[in-house]
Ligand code: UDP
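As a starting point, one isolated chain is supplied in structure tokens, in the form predicted on its own.
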């Protein structure tokens, strides 16, 4: 699989269709490890500069698909174009919709971890409607600050292991979801984990996603910022300040 480095992040150069095929390879593999997918964007690139624990989580990921448009734009600038943006919120429905008896004889089961209480249950219904060859293995909304509670983390890992889903969808936000799955991956009786941020909220209708045309022209980030300015304006501001430095470091590394 072809890879490239963008803004300091090693990414896999795959289309959506190629990413889905790769994930089915994982799901059909005879071993039962937990392979996980990360979805880098500009905020991740900034955090990866600062956090060795996140770099370790990224290093062990099975697939790193380009979610953020600044990484796509950087690929054009350096003439290393990625084939397309593969947003985590699109990857989840594409994978689930592809479940069929032709892919595998038994239904593909999924588990939703994250979002506020009651939200994941609402998200399960539209996700199940994507294919008749799906099964809902369960969901859990962790309490605030759970990542600092060893007992709660063990209970969550045990819940998931007992449900034994084929696919674990993590909607905990970055870098929490990446660090959590990296730390607990050996305890989870699941084939595949997808670190996909607000995807559960989108499918529950809790957060309205940008219209398809806005996403197609690469402005989903602007739609999200307008929808949630208190949280996202400061984050996007930090990311914008970091972008020139990341671009310069990328340019120097290529010389």
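Positions refer to the first chain, counted from 1. Remember, predicted model here, so these are calculated numbers, not experimental data.
What follows is about the form predicted in complex with this ligand, which we do not show.
### Query
Might residue 161 be said to contact this ligand in the predicted complex, defining contact as any heavy atom within 4.5 Å?
No, residue 161 is distant from the partner.
### Query
Heavy atoms within 4.5 Å of this ligand in the predicted complex: does residue 77 have any?
Result no; residue 77 lies far from this ligand in the predicted complex.
#### Entry: Proximity of residue 165 to this ligand in the predicted complex, heavy atoms at 4.5 Å
Taking the distances in the predicted complex, the answer for residue 165 is no, it never comes within 4.5 Å of this ligand.
#### Entry: Contact test in the predicted complex: residue 64 vs this ligand, heavy atoms, 4.5 Å
Because no heavy atom of residue 64 falls inside 4.5 Å of this ligand in the predicted complex, the answer is no.
#### Entry: Answer range among 230-238, 8-16, 243-251, 21-29 for contact with this ligand, defined in the predicted complex as heavy atoms within 4.5 Å
Stretch 230-238 is the one.
### Listed residue that, although this ligand is not shown, lies within 4.5 Å of it in the predicted complex (heavy atoms), from 156, 82, 137, 172
Exactly one residue meets the criterion: 172.
### Message
Counting only non-hydrogen atoms and a 4.5 Å threshold, tell me whether 115, 198 and 201 all contact this ligand in the predicted complex.
### Response
So, yes: the whole triplet contacts this ligand.
### Message
Pick out the residues of 214-230 whose heavy atoms come within 4.5 Å of this ligand in the predicted complex.
### Response
Just 224.
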